[in-house]
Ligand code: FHN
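The data below hold one chain only, encoded as structure tokens and taken in the form predicted alone.
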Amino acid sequence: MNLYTIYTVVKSVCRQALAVGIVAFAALSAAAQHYQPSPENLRAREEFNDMRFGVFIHWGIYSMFGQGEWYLQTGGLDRDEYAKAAAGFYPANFDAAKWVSAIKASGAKYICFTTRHHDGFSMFDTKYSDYDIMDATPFKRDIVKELADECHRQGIKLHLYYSHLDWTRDDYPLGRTGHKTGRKGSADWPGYYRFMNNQLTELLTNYGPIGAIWFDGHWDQPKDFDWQLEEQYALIHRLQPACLVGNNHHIAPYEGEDFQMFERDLPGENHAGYSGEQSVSKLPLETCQTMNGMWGYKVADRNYKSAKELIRLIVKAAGKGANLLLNVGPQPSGDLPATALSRLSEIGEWMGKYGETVYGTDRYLTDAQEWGTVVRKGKKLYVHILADRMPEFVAIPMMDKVREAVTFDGGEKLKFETIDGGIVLHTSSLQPATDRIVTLLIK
């Protein structure tokens, strides 16, 4: 057999193997991909991906104790004694218009609000429980309704947090937490699942367009527990096709989820210890982080991050192709803490000047750089130098050809050199600041 004959036979075998592989892969893909996002959902994903900054609000009757949102669990409290706090919950200073105005002025494009946390208390008017803002408190105002109406008026998206676990209901199967609350352990998963879906139906029917449902609590049960997520996600998409679904389960996204979230870490990092089993997907990404130490209001927690640190966090998240969801824990009075409002104001001042370099940008660098990050918007690259001491040079790995480098603020031209695999910017003349940004115009 000559070489040409051998080549022909091998080529034929390879083609047949490739064809079989393609058919097999297509079959596997078809079997694995039951969820097909609607056109409205895909547009919502693009919108979400462009927002880059949102504000998380953890608020419930736990704020009255001033010990954070986990106090029922961490304090080892009895559920019935804890529930008595609802009778005194009267947040007289709650003003949805003031909240939304302050958050919108910060440059945030969306708000995510806790409708029901792990303590089981619903901050909205629900027919499926008396343990809610309308029936159990003297306030008798639907917090979610007022917030939703104001968000719609002011043109800011509203996302709704919803806990999958419940430390107070007997029908929720006992998991890793909530063992000391006095539950009787008479689990009824079908009944609890029906209760959750009824509440989700209310939230997606009575409050206008909702940008996303933000689930939490999946980690409370063993890995083999069947949460029946596929049916629940389908319900959400059926009620509001554009509504995105995300789940803070700390693992790879499930089918039916529309964005991937990372708790207290940027995508691809695991400093907080929650993302050990979580690789970065191709879905839109979001990082949630606290402004101080806790999610819910804690009276002793004054450990607020500086405005500079928070701005850098927004920029670093954008550099990873992610939104930052920054948390505020309102006081029991209904006021947003003064320090939180101050930080939001400072962020808003920066975003008013430099938001163009964050909103609607895409990730550009594969790996993080010590000096900062780079994002892309069309034919422009925005180089954010986040260094307390300005480096003399900044090396940027890239394949694109740069035709000009200028400071974002003044348009001052900067010297740069093209090297193998990128460029070197001469940055010694720049002053270190969170707003030190260089625009690269690429060909």
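In case it trips you up, residue 1 is the first one in the sequence shown, and so on. Computed from a predicted model, the values in this text were never measured in an experiment.
One more form of this protein should be noted, the form predicted together with the ligand, which is absent from this view; the next part is about it.
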| query | finding |
| --- | --- |
| Partner-facing stretch of 364-372, 233-241, 74-82, 211-219, counted where any non-hydrogen atom is within 4.5 angstroms of the ligand in the model of the complex | 211-219 |
| All of Trp59, Trp99 and Asp335 within 4.5 Å of the ligand in the model of the complex, heavy atom check | no |
| Among the candidates Lys316, His250, Lys298, His159, the residue which, in the model of the complex, approaches the ligand to within 4.5 Å (heavy atoms) | His250 |
| Contact residue in the model of the complex, from Ala307, Leu341, Ala136, Cys288 (heavy atom within 4.5 Å of the ligand) | Cys288 |
| Contact test in the model of the complex: His164 vs the ligand, heavy atoms, 4.5 Å | no |
| Residue contact check: Glu263 to the ligand in the model of the complex, 4.5 Å heavy atom | yes |
| Heavy atom of Tyr35 within 4.5 Å of the ligand in the model of the complex | no |
| Trp70 within 4.5 Å of the ligand in the model of the complex, heavy atoms | yes |
